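Quick setup: one chain, the form predicted on its own, written in structure tokens, and binding and motion questions come after.
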């Protein structure tokens, strides 16, 4: 099965070939590296920019304003903060023009902890992102969704922020991407560049990929349950899957949000009204966290359905994530933290 980064790369290739995607760019996005995580490796339209996040975002806006589809990459989400004013302007474009000037750009960036990247390569951008009115925001947890969300993002007339959970980029999918070869070794041979000097003349041999779209704004119930609704996305969703494997005597309904904005409120509401308890997990810092909005809305619209207050498990309110593994583990939610919070919530009541 493909890894997430292979899924993203194949979706971008599909976009080049079938969706009129003409520009993929960012720092080291073009040859020979193809991105720091190789998400743009071997792509025909990928090219390198200077180390200038504002230039990357500004270029993407300019290309999209002409009606051309493009994908820009910020090498790490930690370095996107100096572009906030430009992101705000990009979000205004379609709305201010009353729909006359679409902005079909995708801005993708690796986000979150899990690789011991310390304070400059571990930030989450989830909660900042959903405050950017006019943007759609997605974050996959597996290769198939990564493929389908990227294709939907390329086709969308709105700007889409595509958050790549960096700790999951090398994790293999449980499901095949349409058109992916049966043998994962064959896929690697065909689309992963060799290491060293052999890379100079290497060209990918792309499989015959098929269109597969994950609708932006649609979550997915990955596991049905009766006692508690567990909601997450990206790397935190992966940890939630691990956490509930060993829980006994608790029936957990697990939701992969996939799309942070617009989010699938219909799915969320029907689930917590059934289970009557809810826990939302992510890695962003705990003050003004995106999950707090979901918990608030649960109380506002479903108070009389709930047996206990909705709970939020998120990152600590500290300036960064420490390099030492113990510091990272203490800063963002871990499997054991999720298990403890589930057990606490099951025992709790109004």
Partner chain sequence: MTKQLSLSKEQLIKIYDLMVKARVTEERLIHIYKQGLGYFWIGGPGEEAFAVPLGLLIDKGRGINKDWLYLHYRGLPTLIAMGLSMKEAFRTVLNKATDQSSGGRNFVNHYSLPQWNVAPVTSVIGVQYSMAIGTAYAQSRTKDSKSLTVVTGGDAGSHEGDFATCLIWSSRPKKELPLLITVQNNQWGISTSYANQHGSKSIADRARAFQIESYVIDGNDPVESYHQLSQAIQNIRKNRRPVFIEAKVSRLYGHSSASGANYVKEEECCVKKFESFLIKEKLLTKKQSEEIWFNYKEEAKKTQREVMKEEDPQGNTIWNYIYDKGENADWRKF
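Keep in mind it's a predicted model, so treat the numbers as computed, not measured. Numbering follows the first chain given and starts at 1.
The same protein has a further form, the form predicted in complex with the partner chain, not shown here; the description that follows concerns it.
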Since only the chain is shown here, I'm wondering whether residue 303 would be in contact with the partner chain in the model of the complex (any heavy atom pair within 4.5 Å).
no
With the partner left out of view, is residue 79 within 4.5 angstroms of the partner chain in the model of the complex by any non-hydrogen atom?
no
Residue 44 within 4.5 Å of the partner chain in the model of the complex, heavy atoms:
no
Any non-hydrogen atom of residue 123 within 4.5 angstroms of the partner chain in the model of the complex
no
Note: the partner chain not shown here; in the model of the complex, the stretch from 277-285, 33-41, 314-322, 64-72 having heavy atoms within 4.5 Å of it is 64-72
Indicate whether the candidate residues 56, 94 and 297 are all in contact with the partner chain in the model of the complex, with contact defined as any heavy atom within 4.5 Å.
yes
May I ask you to choose, among 258, 235, 136, 164, the residue with a heavy atom within 4.5 Å of the partner chain in the model of the complex?
136
Sort through 102, 219, 178, 117 and report the residue having a heavy atom within 4.5 Å of the partner chain in the model of the complex.
102
Go through 255-290 residue by residue and record those having a heavy atom within 4.5 Å of the partner chain in the model of the complex; state none if no residue qualifies.
261, 262, 263, 265, 266
